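In the form predicted alone, a lone chain appears below as structure tokens.
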């Protein structure tokens, strides 16, 4: 064999060796629209860089349907999906089916918000890496605060007083359906998020403490729910009992409310070219529960995890670390306004130039409060349902906070029976 033939043979051997060792990884990292398109760009870049093959899996749009589908796959020990898009409350629920990423992370988790990493760490195992985050915020009308010479409220009582003053003034000026405050109060997971914030802001705990003890029945939790109940029919319409995120946003964005509790997604929509409140809104941390309370926004967002049944866990984990890296999170923040989970990106000039309102979010994310999904594990859905139903009964005037929380304590201890 001459030199030229030898070179060709080596090249062919190298090429076929690369192909032989290329892994096929199926990933779920975006459901639809812009998120799906950005996901596709990022996984294509990783595939080009590594030589691996990536297939995109489109999950159901509903998070409930998505979790149900994943659980069906797990029950069958299916290897069809390697990398999963995971809601922030899922690591504890599906912990038995996820790969420990600790051996792949090389310390990268130290760059992310500690509360998110703690949420994703179950029984000492890092089961998911954060992709982007969310937390509850207080939206307010800057123009109306100026009009009525009011400051951004720091406590719930201040918010209620400001909401009442603006509501009365606007109704007196002819806007009969104007509301002081809109939020998520129908009986679903969104109400659990709101109520977790109320409890934490008053020092009322987190439903179940990190040690697994049911702590929801306490005087400060009672005060928190009584305070929220006082808003219904006063500064908030009775119809709020049927509001989810978009119902609340619809009222606020139409210019018919002074304050709103919602997630960061509502910002870009409220600032849209056709929005009646464009350039009239501001965001702030949710109010404290009094002078000795705290600002508390419920932790939201999405993570990436590797299925325990993946046939290519090393390649799948490498893809997860790439997609959650600082470089990719920065690009996603600039192009799609996805909220980074890497703390240093909130000081990045290019990120801040693309998203000026991110400057208001750093403290919110740093002080976000998780739902008790990690400690309660697979039983969290039952815990949350019991909590949102008890809270809804209080808001609707069907039960006092004292009675509802006492019954809830008993129900949660029933659910816990045998351990979390």
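Positions refer to the first chain, counted from 1. No experiment lies behind these values; they were computed from the predicted model shown.
From this point on, the text means the form predicted together with alpha-D-glucopyranose, which you will not see here.
Can you check 81-89, 101-109, 154-162, 312-320 and let me know which stretch has heavy atoms within 4.5 Å of alpha-D-glucopyranose in the predicted bound form?
Comparing against alpha-D-glucopyranose in the predicted bound form, the contact stretch is 81-89.
Going by heavy atom distances of 4.5 angstroms or less, which of 178, 113, 231, 263 would be at the interface with alpha-D-glucopyranose in the predicted bound form?
Checked against the cut-off, the match is 263.
204, 237, 287, 190: which sits within 4.5 Å of alpha-D-glucopyranose in the predicted bound form by any heavy atom?
It is 190.
Does residue 301 reach alpha-D-glucopyranose in the predicted bound form, with heavy atoms at most 4.5 Å apart?
Taking the distances in the predicted bound form, the answer for residue 301 is yes, it comes within 4.5 Å of alpha-D-glucopyranose.
Using heavy atoms and a 4.5 Å limit, would one call residue 247 a contact residue for alpha-D-glucopyranose in the predicted bound form?
No.
Please check if residue 63 has a heavy atom lying within 4.5 Å of any heavy atom of alpha-D-glucopyranose in the predicted bound form.
Taking the distances in the predicted bound form, the answer for residue 63 is yes, it comes within 4.5 Å of alpha-D-glucopyranose.
I'd like to check something about residue 170: if you look in the predicted bound form, is any of its heavy atoms closer than or equal to 4.5 Å to a heavy atom of alpha-D-glucopyranose?
Residue 170: no contact with alpha-D-glucopyranose in the predicted bound form.
For the stretch 132-153, which residues lie within 4.5 Å of alpha-D-glucopyranose in the predicted bound form by non-hydrogen atom distance?
Only 134 sits within 4.5 Å of the partner.
With a C-alpha distance change of 3 Å or more, do residue 386 and residue 66 lie closer or farther in the predicted bound form?
Distance between the C-alphas of residue 386 and residue 66: shorter in the predicted bound form, by 3 Å or more.
Is the CA-CA spacing of residue 229 and residue 64 tighter or wider in the predicted bound form than here, given a 3 Å or more change?
Residues converge in the predicted bound form, at least 3 Å closer.
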